[in-house]
Structures are given as structure tokens and as C-alpha cells.
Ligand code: DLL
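One chain follows as C-alpha cells, the form predicted on its own.
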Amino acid sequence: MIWNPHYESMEREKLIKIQSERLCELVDRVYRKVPFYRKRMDEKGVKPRDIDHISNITKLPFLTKDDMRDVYPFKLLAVDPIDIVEVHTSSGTTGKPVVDAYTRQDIAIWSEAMARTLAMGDTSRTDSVHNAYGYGLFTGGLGVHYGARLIGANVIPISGGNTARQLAILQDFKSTVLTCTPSYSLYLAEAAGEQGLDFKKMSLRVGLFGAEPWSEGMRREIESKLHLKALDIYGLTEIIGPGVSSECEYQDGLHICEDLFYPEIVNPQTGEVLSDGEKGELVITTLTKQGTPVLRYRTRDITYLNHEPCRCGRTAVRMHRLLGRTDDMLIIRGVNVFPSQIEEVLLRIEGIEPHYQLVIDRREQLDNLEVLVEMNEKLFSDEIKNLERFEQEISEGLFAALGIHTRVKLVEPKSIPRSEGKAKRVVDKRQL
């Protein structure tokens, strides 16, 4: 189901015209109302009159997460503070949090973007949406909530945590749509198995999972264990929250709401704009945001774009599911390694669970990567010599994919910590 065919299936020429008009208005507004942007544009020698088409966007300066922390809390506001009706922030675990302030119109835009996202999972007013994203300053819970309400679906605002209650509600309320992180969905499946519950007997038919990178291998695990269609959704606090892009039923890239968010792919080192199909860092400009609009925000997420129309009828550009993040990228003995690459290898191997942890340390000036892999009960009962052979097989598979040697250690079932939110995959002892 296409929620808004006018924009989601618009001809490219008409879309470019709308993007150009919105960018010109945005640049003029932030130059007049936000001293931070005016200073940055003046330093680059750019005036609003220089931006008369979307193709001129490369003349504008980039915005980074560090920039947004430097202007904490409200120095990016482009409206009177009295017009702000809601505020969200990032976690702030590595410094001051990033602040996103919303006007009533921003909430309406967010609701529209999330309605499109939910509709890609064929969500309608007949559905019950079990929303296990966290409510509060985190954008996940309320983003889904607003979109589901706009569609007219029944929203179950259960938020995160209390897994036993989550499973009871899923059964008793006959929820049809599940929204949470992909790692938490697998935790739900594991907890259900321990309670003797069968997801086949539940009413779920689709899950919309985001807030952390996940692989095709994890998708297969989720769909197999929860008996639903698993769709990838993408968003971030700095832009608006979830709803920036999402997969349709064909699971062939995430459709970006291009009339609202303009995407670019740039070389992470040089900032040069790359062509379709070239992997690089995703950069986003909020074309309609009022409260805290952003120009050319460097997301640190690695992906690539595809402008070919989708089989679903949408013409908006698609981004490939995240390949990793520039700040999550591990450099091991000069080789760039993303956790998602390791996950893809692990989840192709029978006998291991979709729970793993990467431990990095430094010995004699050399970086070493140890991959802790959780076994299932059947493998755990095997003889030691069989386990050693299995570890070697995994190690060889990782070497073929990564080009570096890793130490693989099989660990007992349920020994790797579970998460009710984003999974912690990497323990970097080099920084301890």
C-alpha cells in the first residue's frame, strides 16, 4: 500500500522542482534566522542567492554531529522558542546529546513520514501495532506512535523492557505489526521459546526493525523465528527520528522520503559527491523541517543510492541497507572491518545463534580481533575436538570475507549479554 502516491510515485522532474523550491526557501530562512548557519555560509563565501536549484546544494557547508553538540541545546533553532512543542535528544553517551526541537508542523511532517513507513508494511486502520521502541527522549517510540495514529491503526505503546509482559500482550491483544530493534526481536523469540510459546500461533505478519545496523542473515533469522516479514527502517534523531526511509514488501532497498529529506552520498575522506551505486557516507538535508533544520548533515552511515523505480510503484530513490558506520568501522592491522560483515558470515553457519561479540585488544603493538560466537544447545553438547574444528571453519570463513585472521571462540548458549534496546556488539579494550 502506498500512503501518499502524489509524492512517493512522483515523476523525477516534478520532484526536482519541489526539492529546489524547498531548498531555496530553507537556505534563505536559516541564513536569516540561525547565526550558526550564517557564519558557516559566510566562511564558505555562499549567499542564499547562490542557491537557486537543488544541484547547488554542494556549495553549502556540511554539518556534523560535533557541530550539533557545539550548538547545544538550542542554537540551531530557526523559529521562536514559543513555537516549539516537543523536544527529543540522542543518548549523549559520548558527550552532550544532539537536540531536535519540533514545531507542530514538524510533528505533522514526522507523522506523515512514519505513516508512509508503516504503509510499506501494509499497515492499515485494521492493524494493531505493538510498539516496543522506547518512549521518551528517544525518537523511536513516539515516531512510530504518530505514524500509526495518522493511519488510524490501534497503537499498543508498550515501549521497551519487561519481555514477559511483551509476549503476553502480543498473544492477548493479537498484535499484527511489531516495531522494535532487530536484536530485541530475536530476544523476544528466545524468551518465547523458554516459555514454550510459539510465534506461529500469534497474529504477527510484519515487523519494522531499525535503530541499529543488521544484515540479511539476521533478517532470515528473524523471519524464521518470528514467522513474519521483516522490513528495515531508517532514521536518526538529528534529522527527525524514524521515517527517513524504509523498505517496501520487495525488501530491495529503503525508499527515502525525497520530498522531505534530500540524500547525497559522499566520499567520507574528501566529501566529494559520489554517483549512484558508489558506496560512501550518507548526507541528508531536511527540506521542510522548521524547528531545527539541518543542511547537509553527515550521518556517518555507509550505504549507496539507487534511482531506478521500484516494482512497488514508488519512484523515490532507494538507499541500500546500512553497510556500517564510519564511526563503527574497526581498523584492524590496517584493514577496515564493519561488524555487519562479520554478522553476515556468522549467520550463514548452521549451529550458532545470532548472538555474538567482537573483542579487540592490542598485543605487542598489533591489534587482535576475537569473535565470541554463541553456540546452540546441540553444538554445545559436541565433543571438544568437533568444536575446535568448527571454530577453525568459522575463522576461515571470516578470513575469506575480511582478509585478516581472527580468533574465534565458541561460548555457551545464552552467555552473551542480551539487550532490550540496541545490542552492544563491540568491546574495544584498546580504549580502556
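Quick note: we count residues from 1 along the sequence shown, nothing fancier. None of the values given here were measured: they were computed from a predicted structure.
Beyond what is shown, the protein has a form predicted in complex with this ligand; the following relates to that form.
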{"property": "Which of 152 to 160, 135 to 143, 199 to 207, 72 to 80 sits within 4.5 Å of this ligand in the predicted bound form, heavy atom basis", "result": "135 to 143"}
{"property": "In the predicted bound form, the residue from G253, G280, P293, G241 that sits within 4.5 Å of this ligand by heavy atoms", "result": "G241"}
{"property": "In the predicted bound form, the residue from R418, R22, K422, K409 that sits within 4.5 Å of this ligand by heavy atoms", "result": "K422"}
{"property": "Contact of A211 with this ligand in the predicted bound form (heavy atom, 4.5 Å)", "result": "yes"}
{"property": "Exercise: D301 in contact with this ligand in the predicted bound form, heavy atom 4.5 Å", "result": "yes"}
{"property": "Proximity of R325 to this ligand in the predicted bound form, heavy atoms at 4.5 Å", "result": "yes"}
{"property": "Close approach of S175 to this ligand in the predicted bound form, 4.5 Å, heavy atom", "result": "no"}
{"property": "Heavy atom within 4.5 Å of this ligand in the predicted bound form - qualifying residues of 215 to 241", "result": "D232, I233, Y234, G235, L236, T237, E238, G241"}
